Structures are given as structure tokens and as C-alpha cells.
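Same chain, two forms, each on its own as C-alpha cells: structure 1, then structure 2.
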Structure 1
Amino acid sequence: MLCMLPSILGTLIFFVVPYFRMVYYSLLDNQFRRNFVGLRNYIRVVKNQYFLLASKNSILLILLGVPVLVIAAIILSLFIRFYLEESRWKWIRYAFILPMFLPTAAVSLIWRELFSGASTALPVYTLYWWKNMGISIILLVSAFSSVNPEILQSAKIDGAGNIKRHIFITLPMNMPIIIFVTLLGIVNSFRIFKESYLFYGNHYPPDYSYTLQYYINNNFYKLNYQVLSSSAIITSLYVALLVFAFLKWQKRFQY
């Protein structure tokens, strides 16, 4: 408990207390008069056209970006684990970790050159895939390495081909980690704001890339703490519900 105390105190001071203070601000008319208005700020937020636009784009990033990320990570992980020599994988894994250490500002400059004429949200999607693919592959390769090779060998003797062995043995046995990687991808989709902000270089990107983080950030610049707090609470509830649903689903596959 003594070793955990600094971490617990840090969490309380920098996360828990500010969160409840944010809940408090979301129930007031403004930060000066501080009159209680109930859910008026929340109603104002959910009726706002820019909040609805931001919610739509954030949901699209989850529905389109996360499946591509997970499917590509699974395919590459299967190839690396079962069809690539261990000595080569030893060096490739460093390349997968590299996106986590490269400065975001430098990467955004490169992306500007690559997608200078883009008129879709593809640059943000590719930034998201590039940044999260490596950690997803590392987690999946580690999980696939835990599969007993004797089970796969037995299936091969019975006539099961490579694809069937992976579909009916490797993937089902590792569903908890696949669900975890999916959940990690969803949570990280809410953290792509910095990359998108640096790519577009302003507070108001094109409508197709305007996400919830932009909406919250713009209200922060306007010192509109009531709308900021309400929209942040709603966004946190989005994430909490998704995490709860996926953790509930994950329990079905635990042995």
C-alpha cells in the first residue's frame, strides 16, 4: 500500500477530483454566478449542430477505422508468428514500437506532404492506423505465441489447412486479447486529436474531420466552461459504456 500511495494520490488529485469538479461546473449557469441549472447545459450540448457533427465523425472513426486496424493487425500478426523466422521478427518489432516515440509534430509535417491535396478524412485515419498498428501487432503476436503447437499439429494431421487452423483454433483461443486490442483501438480513437490538430493547423478543420476533441477544445478557448464540462462528461460516458460493453463481452471467452 505504501508503494501504491503516490500513484493513488496522483490519480485522486489529477483525475478524480477534477472530474467531479467538472460535473459540478456542468450543472451551473456560469462560473461566476454559479446558479444551479440542472441538466440545461447537457440539453444545450446534445442539441448543438457542431456537437452532433463531432459525434458523428468520432463514431465513424470507430466504425471504419477500428475494424481495419484490428483485421490488418490480426493478418500481419499471424504471418509474423507462424510464417516469419524468429530472427527477423526480433528486428521488425522495433519498427512497430517506433511510432510511439517519434515526435507527433514531425510526423504531421510528413503527413502534410503526403496528403497535401486530400479532401477527405483519410489523412487522420492513416495517422490513427500508423500510430496504433504497432502496439496491436505486438500484443497479438505475444498472444498467438501462447497457442500450443501440438493442437495446431493435430489439426494439420486431420487435414485442416492453414486458414482453417487459424480461423477455428488460433483466433478463438485468443478472443480475449483480440477484444482487448479492439477496445484499445476504440479508446485510442478518442486520442487522435493532437495529430489531427497539427495536421490541419487550426481549431476548425474541415467538417469531415471535426471530432469531439475539437468541440471540447474550442469551448475551452472560448472559456465556455459549462459547455466544455457537459460535453466532456458526455464523451467520458461514451467511452465508459464502450469499455463496459467490451469487458462484458470479453468475459464470455475467458476460460
Structure 2
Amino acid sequence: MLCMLPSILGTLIFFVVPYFRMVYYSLLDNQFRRNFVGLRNYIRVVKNQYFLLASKNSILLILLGVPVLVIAAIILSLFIRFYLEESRWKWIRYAFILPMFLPTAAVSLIWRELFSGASTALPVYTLYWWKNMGISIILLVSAFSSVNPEILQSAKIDGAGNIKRHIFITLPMNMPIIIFVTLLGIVNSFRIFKESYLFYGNHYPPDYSYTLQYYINNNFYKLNYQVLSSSAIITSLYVALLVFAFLKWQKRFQY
């Protein structure tokens, strides 16, 4: 317990206390006058068309972007772990972690050139996949490495092909990690704001790319702390719900 104290204190000071303070401010009309208004700010936010638009876009990014990211990461991880590592091309795996080290500003410039005529959110989605593929692959490859090769060997002897072995052995045994990678993908979908902002170059991207971060950030510049905090809390609540649901589901796969 004592060893954890610095960590607990840090979490309290930098996360827990500010969070509760934000909850407090979200119940006021104005942090300078401080008149209590109850849930009025939340109702205002929930009814705001741009909050709804931002939520829709953020949820779409989760529903479309995350599954593609996870499936692609699984396929690539299987390929790297079970095929590339035995070959002389294994150095290619390092290319997947390169996006983690490249400066965002430079990448956004390149993306702007590549997708200059885009009229959908595809540039943001591809940026998201490209940026997060690396970390997902690292986690999955190390998870896949923990599968006992004897199990796979005996399945092979029993006549199971490559695909069947991975579908019925590798993936189920690593489901907790896959769920974790999915959760990470969801969390990172909220962090794509920086890349998106640099890509569009202003605070008012096209409607299809207007996500919750833009909504919150724009209200920051308007000193609209009440809307900012209410929307942040609403967002944190449904992310918390998602995480809770995934963690519950993850328990089913603990062996």
C-alpha cells in the first residue's frame, strides 16, 4: 500500500480531484458567479445539435474505425508472428511501429497532399488506422507468442488447417488481449483530434469530421466552461459504460 502511495496521490491530484471539480463547475451557471443551476447545463448540451453531431461522428469512428483496426491488426499480427518471423523478411515488422515515432505535423501535411480533394471522413479514418496499427500489432504479436506451440502442433496433427487453428485456438486463447486492444482503439479514437485538427487546419472541419473534441475545444476558446465540462462528463460516462461492458465481457474469456 505504501509503495503505491505516490501513484495514488498523483492520480488523486491530477485526475480525481480535477474530475470532481469539473463536475462541480458543470452544475453552476458560470465559474465566476457560481450560481447553482442543477442539471441545466447537461440538458442544454444534450439538446445541442452540434453536440449530437459530434457524438454521432465520434460513435461512427468507434463503430467503423475500431473494428477495422482490430481485424486488420489481428490479421497482420498473425502474419508477422507465424509467417514473417521465420522468414528473412522479418525486418518488415519494424515498419509497423514507425507511425508511432513520426511527428504528427509532418504526417498531417503529407495526408493533406494525399487526400486534398476528399469529401468524406476517410482521411481521418486512415490517419487513425495508420497511427494506431503499430501499438495494436505489438500487443497482439506478444500475446500470440504466448500460445503454447504444442497445442497448435497437435491441432495440426489432427488435421486442422492454418485458418482453423488460429480461429479456434489462437484467437480464443488471446481474447482478453484482443478485447484490451479494442478498448485501446476506442480510447485512441478520442485522441485523433490533434491529427484531425492539423489536417483540416482550423476549428471548424466539415460536418462529417466534427467530433466531440472539436466541440469541447471550441467551447474552451469561448470560455464556455459549463458546456465544456458537461459534455466532457457525458463523454466520460459513456466511455466508462463501454469500458465496463468490455471488461465484463472479458471475464468470460479468462482461463
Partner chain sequence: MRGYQKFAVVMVCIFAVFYTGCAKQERKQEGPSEVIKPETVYESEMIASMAAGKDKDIYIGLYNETRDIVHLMEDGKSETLGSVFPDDKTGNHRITSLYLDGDKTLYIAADIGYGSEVYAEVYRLDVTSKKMSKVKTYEQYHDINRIAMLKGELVMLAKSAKAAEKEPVLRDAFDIFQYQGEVIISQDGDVVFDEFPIMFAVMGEKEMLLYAHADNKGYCYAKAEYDGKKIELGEPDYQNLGQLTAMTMTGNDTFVYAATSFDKSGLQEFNYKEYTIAELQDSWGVITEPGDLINADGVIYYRVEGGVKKFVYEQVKKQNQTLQVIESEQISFLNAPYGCGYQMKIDRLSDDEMSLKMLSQDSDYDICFMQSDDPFGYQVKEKGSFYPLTDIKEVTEYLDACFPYIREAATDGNGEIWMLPVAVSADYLLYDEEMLRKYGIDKEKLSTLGSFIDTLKALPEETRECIDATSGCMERTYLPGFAEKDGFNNQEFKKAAALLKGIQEDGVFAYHQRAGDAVNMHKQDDFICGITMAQENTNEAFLSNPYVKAAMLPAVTDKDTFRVKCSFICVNAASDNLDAALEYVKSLCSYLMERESTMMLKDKEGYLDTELVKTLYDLYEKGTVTFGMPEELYYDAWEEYKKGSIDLDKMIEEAERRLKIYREEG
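If you superpose the two forms and keep the largest set of C-alpha atoms that fall within 1.5 Å, you have the rigid core. None of the values given here were measured: they were computed from a predicted structure. Numbering runs along the sequence of structure 1, starting at 1.
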property: Number assigned to the form predicted together with its partner chain in this pair; result: 2
property: Per-residue C-alpha deviation between structure 1 and structure 2 [residue 10; rigid core superposition; Å]; result: 3.1
